[in-house]
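Encoded as C-alpha cells, the following chain is the form predicted on its own, with no partner shown.
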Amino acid sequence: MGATYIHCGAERHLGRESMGMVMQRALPACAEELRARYAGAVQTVYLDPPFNTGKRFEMKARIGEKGYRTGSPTLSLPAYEDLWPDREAYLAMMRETLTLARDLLKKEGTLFLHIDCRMHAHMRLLMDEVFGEHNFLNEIIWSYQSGGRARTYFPRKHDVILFYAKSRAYYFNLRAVPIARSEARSNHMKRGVDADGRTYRSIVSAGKEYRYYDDEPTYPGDVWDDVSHLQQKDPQRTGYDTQKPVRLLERIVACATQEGDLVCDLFAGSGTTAVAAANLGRRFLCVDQNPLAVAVMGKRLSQTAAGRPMGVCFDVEAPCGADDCTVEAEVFPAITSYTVRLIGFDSPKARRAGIEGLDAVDQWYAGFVQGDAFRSCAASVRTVGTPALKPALEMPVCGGEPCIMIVDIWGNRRFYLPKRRY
C-alpha cells in the first residue's frame, strides 16, 4: 500500500522525561538557541573537536543486507572536514565553542577537552583564558598502542584530555571509577595474607607499613593506559572516523556526573558520549551538523537498553531528504497495538547510485506524530549482527497518528504516514 509523505523537519517537544536531545545543527548558528534553552543546566561537557589535521574524514557505509554480511559493497561518505584557512581561524572557532560550553555549564560543572599534540599547547592556554588558570584540574594522558609505527621519531601513542572546572564548587567523584589493580605496578611490594585470609601487598616507608588489599578497589591517576583504542575489528566500530571507545567516555561521565545529570557534547560525531550517558542513566545533549553523525547516533541509541525505545529528540535544522521518495507500508490495527509492515522504498538518489529498494534503507522506526513531534516506539536497524531489516514492527496504541521514519544510507531521515485500509 502506498504511503503519503508527512514532513521533514524537527522532532521536538518530547517533554522533560526525554532521555536526551540530538541536534543536527551547525554549531555557530545554534549557539544562542543552546544558551537560551540550556544555559546553566549542563553538569559536564566533553569535547572531541577537530584536531586541525588538514584532512577530510569519511565514513564507510555498508549497503543493504549483503553489505553487512560480507563487509562490501561500501560507500565512502563525507563525515567532516578538518580544514582551516590558518591556525587563527581554528582557534577562533574553539574560543567560541569553549565560551558556549562555559555558559551551558552549571556552577558545579566541569569540562573535558580531548585533543592531540598538534594543538594541545594552544588549547591549554585557551582553556586558561576562558575558564581561568585557577580552574585547571588535570592534564589526562590517554595512552594506547594501536596505529602505525613511526621510524623518524618516537611513535605518537597518546591523546591529551584537559580537565577544567567552571568554579571551585565543582562536582567530582573518583570512587565512581574504580579500576583493577595492576600486577605490574605492585611487583616491588611484599605479598602477605592477614589473619582473616585476605591477601595484600605491603611496603614499609619511614618505619610504617602500608597495606594494599587485593580485594579493595584502586583508582586511575592522570595516565590512562587501561582503556584500549578501538581496534580494526572492534564490534563497537560504526565506520565513523575518529570514533572513541565507550569505556573512555563512561569513565569521564561517571566521575563528573550523577544519575539524571545532563551531559553535553558539541562535536558529537558517532555518538559515543550519548551512549555512555544512556548506559549510566544520565541525560544528554549532543550536537553535530552532519546528518550521517545523527543517523549513527540514532542507530546506536536504538540498541541501548536492550533495544527498548528511548525518549530521544532529534532536532533537525534543515529538511532531510527530498519529498520525491516514496514508501510502501501497511498498518494493521488491533485492540492494544499496531503492526506496521515495511514493503518498499523508492529513492531517485539511490537509483542513480545503482542501489535498489530497501537496500537504501539503513534504519526504520515506527511511532506516532503528536503535534509537530514524532515519538518512536519500535525500531529496526542494520548491524553486523542483524544485517536484515525487520519487515514488521509492533507498537502500542497511543494518542497520535501512526507514522514511520526512514533513515537512508546517507543519513537523511524522512517521515511518512501510511494510508489506512480501515
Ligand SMILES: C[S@@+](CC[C@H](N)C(=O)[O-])C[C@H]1O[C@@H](n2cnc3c(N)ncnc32)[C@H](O)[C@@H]1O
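Residue positions are given as counts along the sequence shown, with the first one as 1. Note that the structure is predicted; figures quoted are calculated from it, not measured.
A second form of this protein, the form predicted in complex with the named molecule, is not displayed here; the remarks below concern that form.
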**Message:** If the cut-off is 4.5 angstroms on heavy atoms, which of these, Leu98, Ile252, Leu266, Leu105, is the one near the named molecule in the model of the complex?
**Reply:** Leu266
**Fill in**
Partner-free chain; cross-checking the named molecule in the model of the complex, the single residue of Ser347, Thr110, Thr257, Ser270 with a heavy atom within 4.5 Å is Ser270
**Message:** the named molecule is absent from this chain, but in the model of the complex, do Gly298, Ser380 and Asn412 each have a non-hydrogen atom within 4.5 Å of it?
**Reply:** no
**Prompt:** Looking in the model of the complex, any heavy atom of Ala26 within 4.5 Å of the named molecule?
**Reply:** yes
**Prompt:** Taking heavy atoms only, is Asp48 within 4.5 angstroms of the named molecule in the model of the complex?
**Reply:** yes
**Asked** Are any of the heavy atoms in Asp261 no more than 4.5 Å from a heavy atom of the named molecule in the model of the complex?
**Response** no
**Message:** If we define contact as a non-hydrogen atom of the residue within 4.5 angstroms of the partner, is Tyr240 a contact of the named molecule in the model of the complex?
**Reply:** yes
**Candidate stretches 26-34, 58-66, 355-363, 388-396 - the one whose heavy atoms come within 4.5 Å of the named molecule in the model of the complex** = 26-34
**Item:** Heavy atom within 4.5 Å of the named molecule in the model of the complex - qualifying residues of 64-98
**Value:** Tyr80
